[in-house]
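Take a look at this single chain, the form predicted alone, given in structure tokens.
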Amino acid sequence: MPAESFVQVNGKTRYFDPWLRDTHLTFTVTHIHERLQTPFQSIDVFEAQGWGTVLALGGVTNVTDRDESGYHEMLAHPALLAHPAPKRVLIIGGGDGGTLREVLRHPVVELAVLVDIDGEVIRCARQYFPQCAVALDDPRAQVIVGDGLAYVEQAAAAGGQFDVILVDSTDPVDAAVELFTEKFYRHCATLLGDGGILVPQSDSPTFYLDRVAGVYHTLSEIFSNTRLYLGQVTAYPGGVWAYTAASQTIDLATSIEPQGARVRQLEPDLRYANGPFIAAAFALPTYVQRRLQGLPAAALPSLADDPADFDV
């Protein structure tokens, strides 16, 4: 973690998350729990006014008490509700446990395997985010500290099978770069077979539309049904986050019953998602639709690489 991420301003400690070169999310820090460097990334855990406990990985906000439910619920539930019987689920990344918690809200799930490369993330979750880590010791959960890329490749070669794969990774930098490649997605497709569903988190459509479209188009070359959907995550760039659902046989946009029995069973335990909201998440802004269709999005500045670039 760069030392300048924690800065004293007017007698208060501020944490600057550099979303982009000239744009920051700034937290007012009330207490720093931990700062450490693992072989894979820097980890910061601190308390922030209005946000509760915050976990930052590689200097970028990963989890906050305030809005973690929005991210974790929208990564997990659309796929699990669309699949007719999601008994075996694989989560790549997600060491904080939040996605696992949401997966295990579904009684039909018999096994949920979580593979995260950094055991320190799991330890920090147990210590500072008990509401996320609550499922890590569930008897249906298998938690593995290891390389998710290698796990998927080896499981595919061995003839393994999952009904749903959720990629709860950091952004495509450092150790997570390989989790956004065609090779990785093809191994996932092998593990899923014809009836499975893959959902990787797909970045910010506001600031990183090029990344979002890249994931969508790569998956479209591998799977017969590919759908992008959006959800709100206040602490992430732009406050809106993208997810891409891919399957050979299931179209998520038409396979979820917003008022169905499975949705009604879930809703009392959810803070963010509900049936109609999940169904509406597949409606996309025009500029996103245009980019996915290969058309110019609009004259919007693209700050992903250089403020002088344009997303057109």
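We number the residues from 1 along the sequence you see. Predicted, not measured: the structure shown is a model, and the values here were computed from it.
Below, we refer to the form predicted together with S-adenosylmethionine, which is not included among the displayed structures.
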Non-hydrogen atom within 4.5 angstroms of S-adenosylmethionine in the predicted bound form for each of 48, 65 and 67:
no
Considering 210, 138, 118, 153, which brings a non-hydrogen atom within 4.5 Å of S-adenosylmethionine in the predicted bound form?
118
Residue (of 196, 200, 78, 94) lying close to S-adenosylmethionine in the predicted bound form, criterion heavy atoms within 4.5 Å:
94
Have a look at 142-150, 217-225, 81-89, 188-196 and name the one stretch with heavy atoms inside 4.5 Å of S-adenosylmethionine in the predicted bound form.
142-150
Any of the heavy atoms of residue 179 lying within 4.5 Å of S-adenosylmethionine in the predicted bound form?
yes
Interface membership of residue 169, S-adenosylmethionine in the predicted bound form, 4.5 Å heavy atom rule
yes
Residue contact check: residue 41 to S-adenosylmethionine in the predicted bound form, 4.5 Å heavy atom:
yes
Tell me, yes or no, whether residue 61 is in contact with S-adenosylmethionine in the predicted bound form, where a contact means a heavy atom of each within 4.5 Å.
yes
